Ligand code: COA
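Have a look below at one chain only, the form predicted on its own, in structure tokens format.
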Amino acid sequence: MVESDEEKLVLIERRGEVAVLTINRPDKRNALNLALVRALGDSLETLALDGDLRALVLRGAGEKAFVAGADIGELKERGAEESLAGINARLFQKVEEFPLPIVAACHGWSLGGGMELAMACDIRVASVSARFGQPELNLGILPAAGGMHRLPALVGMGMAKDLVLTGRILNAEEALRAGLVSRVVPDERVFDEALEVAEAIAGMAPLASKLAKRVMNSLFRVRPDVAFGLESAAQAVLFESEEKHKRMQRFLDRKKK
């Protein structure tokens, strides 16, 4: 049986030398569950083999979110073993290491894993109504899918600690001033702007574009194995904590009301 577009978790569309990936779980505000993580990873692996592509645009379906975060119902059941497996972290690393530049079109909510996913992209374009935050501590866990090393690299350690330790939400203009995003446009323009950025990248020398991304990523962080290892180890402890289960259950109970 062939899946309809409505049933597919990731939609792929070609716009000349640019591929558009749409995270297609709008009824859940595009929250990342295991099936979606796998579908997005598979899509990236397929596109990496397409020699005619020059850039990607990543966006979320619906009006409410780029990616509102991880699926808390599923996340609540994960334990230390799943944390050490780095389910989301490995996907975001795959995004970061994708051979072609990726432009994120961020509208609505980009929270938790959604913000970590956006940060793994090369360029972030935000709509005026976009909101960004790392509220994981309120759920008894850490932004341990790359958030704690990508965020300081983008906004500086002081701002990163402010965002992680308080869980406060940035609006689009605050995100622009902090360096989290590079452009803010009207809501109705966010995808078109991201596409124009990707098309501009596609017009550059292909090999130079690939190497520029690779070199900058190499300088972006030192010893990523150490950073990922520390994040995963800390998350493994938290995944087994009673506080994590209580806070996530409280979140799920509130959603039912």
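One-based numbering along the sequence shown. None of these values were measured; they are calculated from a predicted model.
There is another form of the same protein, the form predicted in complex with the named molecule; it is not shown, and what comes next is about it.
This chain appears without its partner; in the predicted complex, the one residue of 36, 44, 201, 68 with a heavy atom within 4.5 Å of the named molecule is 68.
Note on contacts: among 121, 163, 139, 172, the single residue with a heavy atom within 4.5 Å of the named molecule in the predicted complex is 139. Exactly one of the stretches 149 to 157, 183 to 191, 89 to 97, 110 to 118 approaches the named molecule in the predicted complex with heavy atoms within 4.5 Å, and it is 110 to 118. Proximity of residue 80 to the named molecule in the predicted complex falls outside the 4.5 Å heavy atom cutoff. In the predicted complex, residue 75 approaches the named molecule with a heavy atom inside 4.5 Å. In the predicted complex, the named molecule lies farther than 4.5 Å from every heavy atom of residue 54. Interface membership of residue 59, defined by any non-hydrogen atom within 4.5 Å of the named molecule in the predicted complex, is ruled out. In the predicted complex, the named molecule lies within 4.5 angstroms of at least one heavy atom of each of the following residues of 15 to 37: 27, 28, 29, 31, in sequence order.
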